[in-house]
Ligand SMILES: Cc1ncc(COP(=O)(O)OP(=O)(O)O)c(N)n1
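Given as structure tokens, the chain that follows is alone and in the form predicted on its own.
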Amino acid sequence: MERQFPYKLYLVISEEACYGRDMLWVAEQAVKGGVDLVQIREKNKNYSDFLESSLRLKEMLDSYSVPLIVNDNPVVAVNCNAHGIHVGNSDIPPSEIKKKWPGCNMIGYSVEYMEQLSGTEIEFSDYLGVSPVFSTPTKTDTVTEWGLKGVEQIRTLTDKPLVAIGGINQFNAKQVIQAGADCLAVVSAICAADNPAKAAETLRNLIETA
């Protein structure tokens, strides 16, 4: 079995997702509530702004020993000394990242088509993002809405750790873990919550008792 993945609750964060609140504050509250892995996803920022945000976020996360993952930007990831990177099937492939950044600790790879599971890029990935489990306004460029049955099916086809993302909240978190996900990734369920720490704590407790 290849599922050496200690993380349970994965926050995907951006300035936009925080609706005007300070991103560092939201992230810190989430970590205090039980988030143990954080990805910064800034699709609309230029390089220098993305790097600056990543550096600030990493400094805060380091104080809690929580790893930072950068979405789809190897240059930002390397220059902020991130723990790893997450890419989709239309981004730079995991095999290329391994060549260009041999010191990368973790590569996440979004699975949007069943055919990807038999492709070679899976071998270069440390975990697979099942994306999206349920349709969500934060991810509009995806093809397959996997649902619980999709998570179950993917679980039977790979030993890679599965990180489920897309429409996950306190009402479906347990079912997604029970379907075979190792970890839950959330955006709105924490970033848009009135109390991000409490929202994270609720989700973490649901994961731990699933």
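Throughout, we count residues from 1 along the sequence that is shown. For clarity, every value in this text was computed on a predicted model and none was experimentally measured.
There is another form of the same protein, the form predicted in complex with the ligand; it is not shown, and what comes next is about it.
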| property | result |
| --- | --- |
| Ligand-site call, the ligand overlaid in the predicted bound form, backbone or C-beta contacts under 2.4 Å, 3+ atoms | open |
| Touches the ligand in the predicted bound form: Ser54 (any heavy atom, 4.5 Å) | no |
| Residue contact check: Glu121 to the ligand in the predicted bound form, 4.5 Å heavy atom | no |
| The ligand contact in the predicted bound form: Gly84, any heavy atom under 4.5 Å | no |
| Touches the ligand in the predicted bound form: Lys43 (any heavy atom, 4.5 Å) | yes |
| Stretch in contact in the predicted bound form with the ligand, which is absent here, among 57-65, 163-171, 148-156, 22-30 (heavy atoms within 4.5 Å) | 163-171 |
| Whether Ser14, Phe50 and Pro74 all lie within 4.5 angstroms of the ligand in the predicted bound form by heavy atom | no |
| Stretch 106-129 - residues with a heavy atom within 4.5 Å of the ligand in the predicted bound form | Ser110, Tyr127, Gly129 |
